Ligand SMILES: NC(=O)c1ccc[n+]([C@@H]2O[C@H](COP(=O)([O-])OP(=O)(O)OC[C@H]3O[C@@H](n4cnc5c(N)ncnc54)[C@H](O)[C@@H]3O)[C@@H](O)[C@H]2O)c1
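We begin with a single chain expressed as structure tokens, specifically the form predicted alone.
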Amino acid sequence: MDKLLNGRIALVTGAAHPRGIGRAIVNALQAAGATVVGVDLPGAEGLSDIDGAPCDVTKPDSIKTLVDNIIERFGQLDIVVNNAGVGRGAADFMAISDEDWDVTFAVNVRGIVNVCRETIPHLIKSQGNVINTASLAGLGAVPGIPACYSASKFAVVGLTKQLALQYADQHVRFNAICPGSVETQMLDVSLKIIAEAENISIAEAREFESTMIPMGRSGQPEEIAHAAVYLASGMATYVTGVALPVAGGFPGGL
């Protein structure tokens, strides 16, 4: 990949898992020339494999310490990718617990709020940009997806658009990527929920999901990461407030 991001300093949350979208984004940003700090929960699988640091996005003090360290170390921050997220709950709305709702919104929505509050002042200085990982389930209702997850991702899209509007005149861009079915550890959870809801096997759930995708397959994390590089780069300087589906033609739901 061309060195589109030479000299840029990037922060990626939810970056540790070897099969995750966050790890793929770290790798793709680095390949494009950026210096990347990847963060995840303390003790997260794979965190020691990247130039990373422990950080809990639900704890503002943890984020402040992280960002202060980045500025002290590099002097700037240009790109923020809010990728940390959880998928929990049940396909049946009535089976979703209060804890499912609370944890989902604490990580998927308030986590982004917390990171943006701490990083926006630095992004104004660098005229940087933010990429939020939303979901196709943030654009429309998707079969088998827990309502708490879908609602949280709708909130991510709305937050992205509002921040894009507010900070456009300060030259800070905000965009969201909306992945569909992607071969990650999160897909394993999603397929299990679908299988339980439809009373079918995991293999049948995978086949069921694939039939709904016009391209006939789930995406790879690297395919999501390529979209992140584009949005972070100078090729997208006139792109803000976008919720970009990367889903193999999978429709946005109801």
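For clarity, every value in this text was computed on a predicted model and none was experimentally measured. Note that residue numbering begins at 1 and tracks the sequence as displayed.
The protein also exists as the form predicted in complex with the named molecule; that form is not presented, and the subsequent description refers to it.
- Looking at 160-168, 93-101, 132-140, 70-78, the stretch with residues near the named molecule in the predicted complex, meaning non-hydrogen atoms within 4.5 angstroms, turns out to be 132-140.
- Checked against the named molecule in the predicted complex, the candidates A197, I213, A31, L41 yield a single residue with a heavy atom inside 4.5 Å, and that residue is L41.
- Exactly one listed residue, out of A147, A155, I120, V86, brings a non-hydrogen atom to within 4.5 Å of the named molecule in the predicted complex: V86.
- Mapping the unseen interface onto this chain, G180 counts among the residues with a heavy atom inside 4.5 Å of the named molecule in the predicted complex.
- The closest heavy atom approach of I202 to the named molecule in the predicted complex falls outside 4.5 Å.
- Put simply, N114 is far from the named molecule in the predicted complex: not one heavy atom of it is within 4.5 Å.
- The closest non-hydrogen atom of N175 lies beyond 4.5 Å of the named molecule in the predicted complex.
- The single residue of 97-116 lying near the named molecule in the predicted complex is V107, the criterion being any heavy atom within 4.5 Å.
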